[in-house]
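Below you'll find only one chain, the form predicted alone, shown as C-alpha cells.
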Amino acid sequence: MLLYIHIPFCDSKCYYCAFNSYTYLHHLKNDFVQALCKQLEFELKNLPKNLIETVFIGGGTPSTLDFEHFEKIFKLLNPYLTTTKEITCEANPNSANKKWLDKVNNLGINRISFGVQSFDDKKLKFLGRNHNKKTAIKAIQNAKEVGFEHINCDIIYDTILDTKKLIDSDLNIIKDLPIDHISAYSLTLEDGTKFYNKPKVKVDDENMAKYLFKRLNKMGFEQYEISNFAKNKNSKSKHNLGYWKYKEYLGVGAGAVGCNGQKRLYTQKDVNMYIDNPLIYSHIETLSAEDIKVEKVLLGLRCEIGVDKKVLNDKELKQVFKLEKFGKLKQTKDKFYANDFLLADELALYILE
C-alpha cells in the first residue's frame, strides 16, 4: 500500500496551479497537523506494521511546514515504516533551506522533489514562481550535501517563452547538478488559475516536446512515463510506479485522495472543515469494472508498465493487433506497450472504442 500526505499551504500561488493550496491559512498549520495526525492514526491503526511501501508528501508546499510539524507526523508514522522503500517530500527552493533539509532527511525522508520549473529568471517570473535561478541551484546542492539519496526536479514546457535555446540552457544547468530524476510537465490551463482563459501563454508544440525528451535521453535520463525521466532503475519514483500499477493507496490531509479496491475516497478540501473533522470524506466514488479497465489501459500505455492483455476482451485485442501492425504498439506474451508515450490517450481511445 502507498501513503500520500497532502499539505495545503503555500507561500505564493503560481499562475498555473490548480492544486488544493492556500497562501492565507498559515495560522492554521498547528491545528491542521493535529487533525492530520488524527486521520493518520485512524487510517493506520488496523493495518499491518509493514504494509506501507512508499510515502509521498505533496501539496501545496510541504516545505512551508516547520520541522517540528514533521516530527509530530513521523512520530506517529515510524512504527509503520520498518520496510518502507521510499519517502518523498516536495519542496520549493525558497522555503527549503539547508537546516530544514538536513532535519527532514534525518527523519528518514530519502527523496526530495523540487518545484523548480525552470532556471530562467524571466520564465520563473512569467510562471509566478517566487524563487530565482540562484536559489534553485543552491537548494539542490544543499539537498545533496545533507545526504538525500535521490533528488527530483520538476520542469514545465510548452510556455510561450520556450525555445530550443531556453530548453538547452535549463538542461545544461541540470547536467551539472546532482539530480537523478526529472518530471517534465506540459503547461496546462486549468479552471481557477490565473492562466485560465489566457491561451497566449501556452503553445502546443509536439516537436518541442520531442526535442526536450531527446535531449534528456542523451543526458542519461530514461523516459519511463510520459512525464518522468530517471538516471537509473533506483532513481525511478517507486511511489508513482505504484499508482501506475494500480496499487491501493491511503490519502491523508485536506484534499487528499485514497483508493481502496473499487472505492476512491476524497477527503475534505476545505482546510477549516478538515480540521473540524478529518475522519469524514467529502465523497466516495465507486468504480465500476469498466472504469478500472479504462484506467489500467490509460495508465499502462503512458508508462513502461504496459497493459496486461487479460483486462481486454476479444474485440479490444483485435484493435491492439491492428496498432501493432502500424508500429504504434509492441507486445510480449502477456502485455503490450506504447512505442510513444505521447500517443497514449489516442491509443487507449482506439483500443476501447
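Here the structure is a predicted model, which is why all the values come from computation and not from measurement. Start at 1 and count along the sequence shown; that's the residue number.
Quick note: we don't show the form predicted in complex with a small molecule, though the next part is all about it.
Across the proposed site, 2, 243 and 248 without exception lack any heavy atom within 4.5 Å of the small molecule in the predicted complex. A single residue from the set 154, 158, 225, 120 has any heavy atom within 4.5 angstroms of the small molecule in the predicted complex; that residue is 154. Using a 4.5 angstroms limit between non-hydrogen atoms, residue 186 touches the small molecule in the predicted complex. Contact annotation for residue 341: none of its heavy atoms lies within 4.5 Å of the small molecule in the predicted complex. Residue contact with the small molecule in the predicted complex: residue 92 places a heavy atom within 4.5 Å of it. Mapping the unseen interface onto this chain, residue 181 falls outside it, with no heavy atom inside 4.5 Å of the small molecule in the predicted complex. The stretch among 300 to 308, 324 to 332, 55 to 63, 285 to 293 whose residues place heavy atoms within 4.5 Å of the small molecule in the predicted complex is 55 to 63.
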